[in-house]
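Structure 1 and structure 2 below are the same protein chain in two forms, each given by itself as structure tokens.
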Structure 1
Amino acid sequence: MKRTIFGNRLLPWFLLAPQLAVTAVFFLWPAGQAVWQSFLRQDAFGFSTTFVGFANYGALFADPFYRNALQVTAVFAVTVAALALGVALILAVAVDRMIRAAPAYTTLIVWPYAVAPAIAGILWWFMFNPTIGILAYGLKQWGYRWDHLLDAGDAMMLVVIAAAWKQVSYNFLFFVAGLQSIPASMREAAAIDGAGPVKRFFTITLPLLTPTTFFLLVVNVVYAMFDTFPVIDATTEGGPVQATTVLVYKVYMDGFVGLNLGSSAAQSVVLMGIVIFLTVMQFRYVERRVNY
């Protein structure tokens, strides 16, 4: 493999400087501020600040509402990632089998990705509204009385569907690209050997899609942890009875609404640590099953 050699040793640093500056200003500095803030406690009026060490973390894990948010986040993240990946893969396989209508089909499926998360949440809130929602009306005709304002299960289903729907388009694009990169000769050879469509998918297509699936798994977990805040805020606001209060939403409620900055900073540090831990575990153990 040919290596690129720079004649000037400073040139690589100049080329990296813009990205390093963006990373330092928009990630490292705010992260450092959050870590420092997590060791402090302010009075109710914000006039005095006291260094309390790890007291904020101790109070955090002793709080039953925070432990509930951890459980809700685990269920929410796993469900959103599984649903978004599964639906996107099914749609991508359908497009891969089409010839003439594939471009139009792809364009229609990609459109939801252009919708802002808060707008996506409002759209699904209207459709599932117990009073005027068309989907709630349809469920009522089948004998199920939908009410996400009172029922915790309905509320969780609403935010999961809205968040997954927003992410399906992103996953779909990568799955389509991954399917189109698989040589047709491999599937044709399997068909000649007598393998049916289902067997060809699980023995040829799915193993060769593992790099794409692994990448999307990491992206979807991060998405469920951080980028779903607008969906939850626009639909359930963490209710009912904190049934849909995920970690990122609790950070907002405690920090910006409750003005408990020390606890909010500690929660953000824990959330960042959880995401880093999950990402490392995925790269260490899940990637072993990836066929490059």
Structure 2
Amino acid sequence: MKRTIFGNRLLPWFLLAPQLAVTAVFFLWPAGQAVWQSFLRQDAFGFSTTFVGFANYGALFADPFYRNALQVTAVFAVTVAALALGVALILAVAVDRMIRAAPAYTTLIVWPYAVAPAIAGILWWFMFNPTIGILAYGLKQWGYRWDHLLDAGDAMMLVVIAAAWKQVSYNFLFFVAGLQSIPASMREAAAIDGAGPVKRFFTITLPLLTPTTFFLLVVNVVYAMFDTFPVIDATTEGGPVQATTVLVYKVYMDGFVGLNLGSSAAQSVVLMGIVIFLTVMQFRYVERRVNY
């Protein structure tokens, strides 16, 4: 709280006006529209609209494709988070051992943060291309016929790897910061207590890293659920047979391609609920993080 404030009445509203205007026109109004439309159903020609209550939601959860999308999203988010966190943690622990080489390694690892998810998708899509891709070629030598155009598992692998690849740099930076904030004296005390490097990692470092890990877990799940749309759209386009259609991709497909407004709106509202839950998780957690 500031002790010194300015007395003007109108000026703060002028200062807030641009932000509030953009928020109202492009955030609140569309969100309100989505909620309202989720209770409506249009006929096939768009001539009449009827209020149907929760019928769109009922239909949604009865729809096997939507239930599939829920499942795909869960699998995708958990796998991306686990892969991106695991690789980043290993790299961060390795860098934490370095003294002089650490900045150089850090530079060489962080830059993919700047690569657009869509581009990350294209890069891996090219390498896994069944006819020309180097990784598909390599797998063929091992006797595996990779084809993400036909095989659901291959398609999921492709988008998971592309999405995780981009996120490693972000997690790495936060893990390094987390490791550096662990006082050296704690590890030294453990060493004097006779704990070797591996035991120290699991009994001292990892538990003390829990706050960072939990924070990153939430961030990674949010990333996987909402920011990976371009990865999927640029590579598998949700296929084959909706094997990589996550919730966000389905909203887009049903709204823009299928033009099923009521269902798309209902899906939007469900997604809003998920974001709100994740944001609250993140903030409640951040509150605690500030305090120690």
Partner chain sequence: MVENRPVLDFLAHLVLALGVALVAFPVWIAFVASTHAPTRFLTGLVPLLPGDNLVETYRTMLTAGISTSGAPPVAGMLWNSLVMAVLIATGKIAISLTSAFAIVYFRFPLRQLAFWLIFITLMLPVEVRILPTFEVVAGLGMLNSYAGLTVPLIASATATFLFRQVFLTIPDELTEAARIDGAGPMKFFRDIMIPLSRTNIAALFVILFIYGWNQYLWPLLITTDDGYYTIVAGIKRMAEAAESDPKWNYIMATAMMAMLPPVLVVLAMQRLFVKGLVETEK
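Structure 1 provides the reference sequence; residues are numbered from 1 along it. Superpose the two forms; the largest set of C-alphas matching within 1.5 Å is the rigid core. Source: prediction; values computed, not measured.
Only structure 1 matches the form predicted on its own. Two rigid parts of the chain rotate against each other between the two structures, and of 54, 142, 198, 21 the one at the hinge is 54. The smaller of the two rigid parts turns by 16° against the larger between the two structures, as judged from C-alpha superpositions. Relative displacement of the residue 33 Cα between the two structures on rigid core alignment is 2.6 Å. Core fit done between the two structures; CA of residue 278 shifted by 5.5 Å. The two forms line up on their rigid core, and residue 14 then has its Cα shifted by 9.8 Å between the two structures.
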